[in-house]
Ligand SMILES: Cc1cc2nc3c(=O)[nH]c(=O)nc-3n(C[C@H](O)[C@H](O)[C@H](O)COP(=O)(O)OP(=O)(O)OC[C@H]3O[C@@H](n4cnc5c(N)ncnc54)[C@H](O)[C@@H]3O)c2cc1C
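As structure tokens, one chain now follows by itself in the form predicted alone.
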């Protein structure tokens, strides 16, 4: 591991990745790093670029399906406090990319910032939510975003203004390796009323969430006008399973994995569901989970 000279304290070899994702699946990473500063993060990225080592960024692991063989490169996990900051501004928030989305939502509600309460109950980080333009109940990350500071795969730090970013349904133009920070602007509202709305939305969200808190992941994007869950059910796939994997009984757009489940089986199951919905209903589902 001499190629990461000076960074040995934050780089590990053959790190198991299953404990780092909600499905609890996947093999090891050849290299695994948890930098504590932006300088350390940039140092790792620059060395990987020089050595032509592939890099993947791992956030909270809520939307990723990792191969049984693992990843033959560097996996960077932004778990330190440096990448989890939230700063309250006059009319909004400045958040680090590794900040939990739940913290982003609760801080906005407490400060009387309207909009983020719509995202209550969605797992993951601010960076992941911004990259995929997370949306719910008429609100999405892109509509509040003023700017973002990103780190490229070549180690360059760039600031993107609102005019340089494009947001669509569950997607954005932010394709760089790391979203370091993002600044958001909101309309003001009564924190008490926002809290009440957030609580109602949370109850509704919980009623359609998996009956198992962990070992699960969201599979497909809603195609518009109808949910992927309803399409899966209409195609007669609500009881679908493959080995130690099955679909959630309340919301069949969630995959539930038992201990020892195979990523290979999960990919096969996802493809079979996609093909069956297309064949029976004529609708092409777009995969929403990131497959490594």
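Keep in mind the model is a prediction, meaning the values are calculated, not measured. Numbering follows the first chain given and starts at 1.
This protein has a second form, the form predicted together with the named molecule, left out of what is shown; the following refers to that one.
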Inset, instruction - May I ask whether 63, 97 and 135 all come within 4.5 angstroms of the named molecule in the predicted complex, judged by heavy atoms? - result: yes
Only one of 173 to 181, 156 to 164, 104 to 112, 194 to 202 has residues with a heavy atom within 4.5 Å of the named molecule in the predicted complex, and that stretch is 173 to 181
Residue within 4.5 Å of the named molecule in the predicted complex by heavy atom, from 74, 93, 216, 148, is 216
With the partner left out of view, is residue 286 within 4.5 angstroms of the named molecule in the predicted complex by any non-hydrogen atom? no
- Message: Is it the case that residue 244, even though its partner is missing from this view, gets within 4.5 Å of the named molecule in the predicted complex, heavy atoms only?
- Response: no
### Query
Any chance residue 276 has a heavy atom within 4.5 Å of the named molecule in the predicted complex?
no
Checklist line | Interface membership of residue 228, the named molecule in the predicted complex, 4.5 Å heavy atom rule | finding: no
Applying a 4.5 angstroms cut-off on non-hydrogen atoms, the residues of 104 to 140 near the named molecule in the predicted complex are 122, 123, 124, 125, 127, 128, 129, 131, 134, 135, 136
